[in-house]
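Quick setup: one chain, the form predicted on its own, written in structure tokens, and binding and motion questions come after.
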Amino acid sequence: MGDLTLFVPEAVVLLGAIVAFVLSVIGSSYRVNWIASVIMAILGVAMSIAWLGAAGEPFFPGIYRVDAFSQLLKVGITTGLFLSVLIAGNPGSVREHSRIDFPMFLFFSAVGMMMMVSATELITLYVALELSAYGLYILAALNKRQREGSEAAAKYVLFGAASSAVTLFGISLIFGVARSTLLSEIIATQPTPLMVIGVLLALSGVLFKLAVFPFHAWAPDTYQGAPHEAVTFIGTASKVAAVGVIARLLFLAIPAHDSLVNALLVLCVASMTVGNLAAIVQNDIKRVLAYSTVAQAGYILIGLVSFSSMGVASAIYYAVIYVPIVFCAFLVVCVLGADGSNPTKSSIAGLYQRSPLLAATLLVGMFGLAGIPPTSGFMGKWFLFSAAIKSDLLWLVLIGAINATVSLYYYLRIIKEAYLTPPADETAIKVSPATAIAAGLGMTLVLVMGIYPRLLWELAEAAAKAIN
């Protein structure tokens, strides 16, 4: 056994899940459970940051690695957890009798995601993947509008189960060729067509979490039907974990292979194009964000298919900054849909007059997703495109730039509604102190990491070196 202190960040988040469970069992009020969960989430972020420089293997050799790569992604995951818990003080879209259990499932899923990014053995990775998924399946079903919640969860579970089965089959193929489930031993195996097929199949479960085309079909309906607070967590933390696992598999399991690279290039282009074109015709804000997620997954793949240290660093950087960017958008959805309804473009008309804070938060989120300076979204795309150019993928950068231009239409259209369209209802929107704090944190992170990206970029470079 190794140094178990390396497992402290995960242990703190797991303790948070246990605390939330105990409080629900003894009949505490949701308010007490929420306050305790916020405190534990803060501790989770603090421990993840404190353990940024940690390295080693807390368990048996070869199955679980703590390094600069895993620790930076854990900061992103715990940040997504904290922000999601912070705005769930009064989760209006969650069934009232289920609210007491809501934080517990958030914490359990976060533990699974943290384990995913450290797993260096296929069975450990698969177990962590399933641990992170089960909580999300339940969260998706907790919408106060039971029909929508049931439909969202059913589609999420069916697609998740199918991708999980395919992933397990891919793992079996990899094991059949390499005679090992340790990534360090698999990479030493001569790549064969069967190995490449196995890796692609094993990736399917993670591409499903990232909502990459054609594994994206669950996203629009699940985003639309799941509780707003649950979708906030699904749309932030799970993306960071997915990027970590894809990078581990691509760079530790098998060297770059022409068939593998070509397949990922196709998925990259298809995700960007399908996501942006589909988002243009959506009216429901959550469906817009769902298809935006598909497009953003394509941008992230630009860095990974570059198969370079800079490409990995740019993908890590983008995954981490994506958390506060998309959180800003979902925070507005949570407030406007506090009664359980799904905000539409007409719902945000005149938002600036009703709540300047929410309008500013929405502006920062949309600018970040569109990649407009001075947000971190601009720097993220800059790093991704730069990595692709250095890998002689200029044509891919051109496609990405065209898609980014197309996306400006629907992102700026939302901003236009919020700032230039007269409101149908001029009643001021009241924002709770916790929500105001969350909005301030989200905007600050997006702008600071865009204006001063050096610190995060240096951490991302160190993380990329740890995995290469």
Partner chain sequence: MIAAGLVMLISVAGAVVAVSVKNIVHAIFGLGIALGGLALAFLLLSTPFVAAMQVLIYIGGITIAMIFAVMLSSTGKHEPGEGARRRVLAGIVSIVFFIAMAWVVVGSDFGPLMELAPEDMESAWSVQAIGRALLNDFNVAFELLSVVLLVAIVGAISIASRHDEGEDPAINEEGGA
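Positions refer to the first chain, counted from 1. These numbers were taken from a predicted model, which means no experiment stands behind them.
The form predicted in complex with its partner chain is left out here; the points below concern that form.
Colleague: Closest heavy atom of residue 150 to its partner chain in the predicted bound form, within 4.5 Å or not?
Modeller: Flag for residue 150 set to yes.
Colleague: Can any non-hydrogen atom of residue 159 be found within 4.5 angstroms of its partner chain in the predicted bound form?
Modeller: Residue 159: no contact with its partner chain in the predicted bound form.
Colleague: How about residue 89: is it within 4.5 Å of its partner chain in the predicted bound form, going by heavy atoms?
Modeller: Because no heavy atom of residue 89 falls inside 4.5 Å of its partner chain in the predicted bound form, the answer is no.
Colleague: Taking any heavy atom pair closer than or equal to 4.5 Å as contact, tell me whether residue 63 reaches its partner chain in the predicted bound form.
Modeller: Contact with its partner chain, yes.
Colleague: Suppose contact means a heavy atom within 4.5 Å; in the predicted bound form, does that hold for all of 131, 134 and 154 with its partner chain?
Modeller: Answer is yes for this spot.
Colleague: Among 290, 297, 243, 115, which has at least one heavy atom within 4.5 Å of its partner chain in the predicted bound form?
Modeller: It is 115.
Colleague: Counting any non-hydrogen atom inside 4.5 Å, which residue from 187, 123, 263, 280 sits next to its partner chain in the predicted bound form?
Modeller: Selected option: 123.
Colleague: Just to confirm the contact call: exactly one of 210 to 218, 357 to 365, 194 to 202, 229 to 237 touches its partner chain in the predicted bound form at a 4.5 Å heavy atom cutoff, so which is it?
Modeller: Heavy atoms within 4.5 Å of its partner chain in the predicted bound form occur in 194 to 202.
Colleague: For the heavy atom contacts within 4.5 Å of its partner chain in the predicted bound form, list the residues of 77 to 105 involved, in sequence order.
Modeller: Heavy-atom contacts within 4.5 Å come from 95, 96, 97, 98, 101, 104, 105.
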